[in-house]
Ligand code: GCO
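In the form predicted alone, a lone chain appears below as structure tokens.
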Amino acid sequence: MSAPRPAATSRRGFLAQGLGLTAATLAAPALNLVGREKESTAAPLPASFPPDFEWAVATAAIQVEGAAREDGRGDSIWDTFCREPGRIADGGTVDVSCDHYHRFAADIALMAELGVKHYRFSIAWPRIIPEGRGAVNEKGVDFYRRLVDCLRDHGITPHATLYHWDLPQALQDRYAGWQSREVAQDFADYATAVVSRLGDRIDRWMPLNEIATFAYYSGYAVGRTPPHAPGIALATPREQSQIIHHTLLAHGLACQAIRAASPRPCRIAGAENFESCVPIIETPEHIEAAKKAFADSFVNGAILHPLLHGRWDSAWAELHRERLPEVAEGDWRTIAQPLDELGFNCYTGGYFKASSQGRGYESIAIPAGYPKGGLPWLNIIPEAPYWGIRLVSEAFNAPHLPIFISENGLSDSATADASGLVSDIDRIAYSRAYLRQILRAKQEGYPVSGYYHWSFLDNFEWSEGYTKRFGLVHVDFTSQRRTPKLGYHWYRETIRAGHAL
């Protein structure tokens, strides 16, 4: 899942107040003055995604697996965090969650029925190396062998994320986890252990999920207690930037380790929730303002630019010079590992307009009552994926790097009817609007390769516990009964048709 962000208010009455705006206005064909010029001299554009477009779903180990005490798994920082009073909204833990550890075969059968051919999941570091470094727990490896074999038996390609926020608690205790540079080498050793054992079955890898969330937005914070594990308050912005740098170093070392350990050719992607900056009106001056805002963004410049180019942009570094971390000799060479593709975890974005003040742009405040996707930070901005994809190309000079939407979804507000069906029409409206903008990017020639819906199952939603439901499949956490929602059936027909119905 993506990162919480400050917002004006939580969502109430989305269907009554916001659905009309989202479906009729935000999802309508947007003004695209640049695109019209492009279209006027080109052949008619396709109305559907191509046959090789990757339709997929995604989950994360700590959110769905459960089996927290089984087969040698060690504690993660989230196991510890859940035990601290007041940390989780409903007091929930990750001990059982969706029990995917025992029920993965039935879950994968539901994926196959949905029609997806790709599944993004994460591998739990404390299940593979319980102490974070040292001995490998082969029983943990065996679980992922069974999982991947089952996926392949159903014609589904596995995409494995090595870190989705479940740092082994032993490393947090040993040297404060990501606050220590030492963790980067431990992560590379873990990557070697996984890929040398599973690389015969998996050839699509993502080292880290959302550096911005676990290192910046939610896991650590300056001058306050953050809402996610490990929940550490820092004294200065530079300390936080140092944590980000350690994660980038871990990414670079892991990329080297994956390629060295893989027994066959493989592909490596990032999976980042970089900030999408949307021009409020698609005229040249507002587009240029959004482009400047995208390049100036602290998160984009601190994380995305180094992932793509192995360094900071010089203008960005000057703008943020007071918070830059310490970088050792050779770090940039390590970080500068080529990506085969880029995953974009896209839930929301921000609107920008041109300004005669400051650096030539101004963000537009989201008003109270604006439609949201079940959480205060999840403002529904369907143009966000299009502009995120486009500005990676135009602002960060990566026009040929394939991009896929590695996460997109919302927490629905629906409840089951007498038959047990959850009519999550807010999810359908949201997904339809976002997919139309993703198709727009594809039509205009941007290298968009896939869409991974978050999430396949209702699951443990971090500090919200089990109070928020992002799943296409409803989970009764008492009986563990799975019930496909209306959104599941909509997505199945969308996959069949090749466009958002």
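In this text the structure is predicted, and so the values were computed from the model without any measurement. Residue numbers run from 1 along the displayed sequence.
Missing here is the form predicted together with this ligand; even so, the following discussion is about that form.
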This ligand contact at Asp458 in the predicted complex, heavy atom, 4.5 Å: no
Interface membership of Asp424, this ligand in the predicted complex, 4.5 Å heavy atom rule: no
Interface membership of Asn345, this ligand in the predicted complex, 4.5 Å heavy atom rule: yes
Close approach of Lys372 to this ligand in the predicted complex, 4.5 Å, heavy atom: no
One stretch from 248-256, 161-169, 125-133, 317-325 that, in the predicted complex, holds residues within 4.5 Å of this ligand by heavy atom: 161-169
Heavy atom within 4.5 Å of this ligand in the predicted complex - residue from Glu407, Glu383, Asp412, Glu275: Glu407
Option touching this ligand, based on a heavy atom within 4.5 Å in the predicted complex, out of Trp332, Phe104, Phe396, Trp377: Trp377
In the predicted complex: members of 459-490 within 4.5 Å of this ligand, any heavy atom: Glu461, Trp462, Phe470
